[in-house]
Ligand SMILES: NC(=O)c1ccc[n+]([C@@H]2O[C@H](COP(=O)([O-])OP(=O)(O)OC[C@H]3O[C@@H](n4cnc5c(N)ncnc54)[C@H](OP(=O)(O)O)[C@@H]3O)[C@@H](O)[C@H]2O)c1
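To begin, one chain is listed below as structure tokens, in the form predicted alone.
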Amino acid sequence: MSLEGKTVLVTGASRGLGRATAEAFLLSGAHVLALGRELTAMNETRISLTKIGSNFEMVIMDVRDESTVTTYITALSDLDVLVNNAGIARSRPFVETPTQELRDILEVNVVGAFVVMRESARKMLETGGGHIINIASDAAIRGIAGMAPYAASKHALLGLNRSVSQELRQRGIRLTTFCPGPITTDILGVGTANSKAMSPKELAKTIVHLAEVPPEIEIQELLAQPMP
């Protein structure tokens, strides 16, 4: 399926995989709505996207702000693809993890993702269908020592996707959960990137390929791992 002229919303576009995904969709000819909450980082995304083209919009927004998210997506004229990428991670031993840290992670990775997903689905139902791509992690299908709340949030996102797919695939909306393993990003803080992990740019190309699959095919779940 050609993405030329399609409208694609990418959350968490301020850095890493989100920024690379916004760039890849812009290169594909799509109209990109790049959403992120950190102004300085989003300005860096703007500079990066401007080098590719002008068919994009920058949206400074926090996915935890339900009313703002709802108002924004409701006002869109159309929406063909959602890349639900915004997320946070923390690493510490389980017995040292404060309850608030669990709440913070769930608020972004599950509740925020839920709201963006729901409002996007409502818009897609208005306009004839679409494709929701939720960015989880291999943490959605396995445990990770020192990252119990993060793994729990990604397990929840996978369960959400599996359940919603049963409702929406009958109404013209495809749902995909993309589960990449280690990525060379600083999600755990500056200087934490693993140089042997996967490239955000290469993974972003894979996300675009998922969106290009013909509409009569639904790739429900995809696990990506680095080669040794």
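Start at 1 and count along the sequence shown; that's the residue number. Everything numeric in this text was worked out from a predicted model, so none of it was measured.
Beyond the structure shown, there is the form predicted together with the ligand, which is absent from this document and is the topic of what follows.
The partner is absent here; in the predicted bound form, the one residue of 117, 108, 152, 73 having a heavy atom within 4.5 Å of the ligand is 108.
Checking 159, 29, 182, 172 for any heavy atom within 4.5 Å of the ligand in the predicted bound form turns up a single hit: 182. The ligand in the predicted bound form is not approached by residue 49, whose heavy atoms all lie more than 4.5 angstroms from it. Remark: residue 9 does not count among the residues lining the ligand in the predicted bound form, judged by a heavy atom distance of 4.5 Å or less. For residue 34, no non-hydrogen atom is located within 4.5 Å of the ligand in the predicted bound form, even though that partner is not displayed. In the predicted bound form, no heavy atom of residue 130 sits within 4.5 Å of the ligand. For the three residues 17, 61 and 136, a heavy atom within 4.5 Å of the ligand turns up in the predicted bound form in every case.
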